[in-house]
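Taking the form predicted alone, here's one chain by itself in structure tokens.
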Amino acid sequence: MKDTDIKRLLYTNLLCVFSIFLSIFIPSFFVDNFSVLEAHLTWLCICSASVTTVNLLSYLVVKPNVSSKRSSLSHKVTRALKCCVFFLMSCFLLHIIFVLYGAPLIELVLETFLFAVVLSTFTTVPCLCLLGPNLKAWLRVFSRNGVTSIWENSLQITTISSFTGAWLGAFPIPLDWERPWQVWPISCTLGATFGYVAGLVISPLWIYWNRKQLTYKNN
């Protein structure tokens, strides 16, 4: 494992963190009195678009999984369409899971779905960028000792931290604090965002600290 690879991972992850800050501060220049809490649905859309764009550009530039086979234009188009279908399926699946775990079934449908979109952006989009629409690769990466690169290690950490943050964010909702950020699903989206950012920062540091112990099948 080369230190240059870890640096590339760190810079890529920091760009993703930067996309979160862009989604928070850039809209304030165009919308008066913009805030994440008061315009939460708008921010969810902006955050999802910002993170997705930066992820796509980062992986196109860095190319962590370079294939030796040249794909045709039709293959690339088919792959892109499959990725879109996978992302939409992920959004609907997460929406159903949220409802099963207690989210309102009829009320706040848009809020629940946009929360699913943002969480899919933090988890599914990086998987699609790195692994493509390949369920076997996804299962391999998230199984025990299934990773084959530091990029997949980072993907594991950021995905788990995003879901953990969203789960922890649900705890303050039933408490009688009467805070504006306790309204569904604000605390959950904030928790998922903090978890995603924490995973992006922690993963390169953890990999660097354990670089001598980490071994991969393709090395």
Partner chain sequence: MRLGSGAFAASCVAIEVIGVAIFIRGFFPAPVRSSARPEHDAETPAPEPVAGVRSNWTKLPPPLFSKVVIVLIDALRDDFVFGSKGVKYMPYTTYLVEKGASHSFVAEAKPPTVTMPRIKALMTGSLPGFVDVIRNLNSPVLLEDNVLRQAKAAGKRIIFYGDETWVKLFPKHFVEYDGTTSFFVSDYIEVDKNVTRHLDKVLKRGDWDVLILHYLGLDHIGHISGPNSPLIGHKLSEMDSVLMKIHTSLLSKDRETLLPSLLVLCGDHGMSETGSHGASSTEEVSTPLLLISSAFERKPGDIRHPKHVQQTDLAATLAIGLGLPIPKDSVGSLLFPVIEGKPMREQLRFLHLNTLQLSKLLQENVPSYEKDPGFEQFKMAEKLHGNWVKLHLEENHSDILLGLGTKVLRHYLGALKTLSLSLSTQVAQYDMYSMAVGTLIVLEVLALFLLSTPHVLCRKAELDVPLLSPVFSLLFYLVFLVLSAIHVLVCTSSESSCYLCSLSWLAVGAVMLLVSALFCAILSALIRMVIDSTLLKKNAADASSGWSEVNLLLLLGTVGHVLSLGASSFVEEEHQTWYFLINTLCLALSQETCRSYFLGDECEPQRHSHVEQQCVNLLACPLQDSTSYNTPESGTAGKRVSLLEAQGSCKWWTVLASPWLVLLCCRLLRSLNQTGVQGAHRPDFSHWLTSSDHKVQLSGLAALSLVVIFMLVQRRCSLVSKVALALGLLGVFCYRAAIGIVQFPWQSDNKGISKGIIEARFVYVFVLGILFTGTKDLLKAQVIATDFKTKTVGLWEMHSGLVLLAALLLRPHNLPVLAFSLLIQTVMTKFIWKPLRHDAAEITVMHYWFGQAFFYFQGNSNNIATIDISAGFVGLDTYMEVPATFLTVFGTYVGPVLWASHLVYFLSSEGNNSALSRSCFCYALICSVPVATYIVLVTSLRYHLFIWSVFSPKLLYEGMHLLITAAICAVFTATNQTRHRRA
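Bear in mind the structure is a predicted one, so any value in this text is a computation, not a measurement. Positions refer to the first chain, counted from 1.
We do not show the form predicted in complex with the partner chain, though everything after this point is about it.
Exercise: residue 110 in contact with the partner chain in the predicted bound form, heavy atom 4.5 Å: Although the partner chain is absent here, residue 110 would stay clear of it in the predicted bound form, with no heavy atoms inside 4.5 Å.
Does residue 145 make contact with the partner chain in the predicted bound form, using a 4.5 Å heavy atom cut-off? Contact check for residue 145: yes, within 4.5 Å of the partner chain in the predicted bound form.
Though only this chain appears here, would residue 175 touch the partner chain in the predicted bound form if you measure heavy atom gaps against 4.5 Å? Residue 175: contacts the partner chain in the predicted bound form.
So, in the predicted bound form, is residue 136 in contact with the partner chain at a 4.5 angstroms heavy atom limit? Contact with the partner chain, yes.
Within 4.5 Å, heavy atoms only, one stretch in 189 to 197, 28 to 36, 165 to 173, 52 to 60 touches the partner chain in the predicted bound form. Which? Stretch with heavy atoms near the partner: 165 to 173.
Along 94 to 132, which positions have a non-hydrogen atom within 4.5 Å of the partner chain in the predicted bound form? Contacts from 94 to 132: 97, 99, 100, 101, 102, 103, 104, 105.
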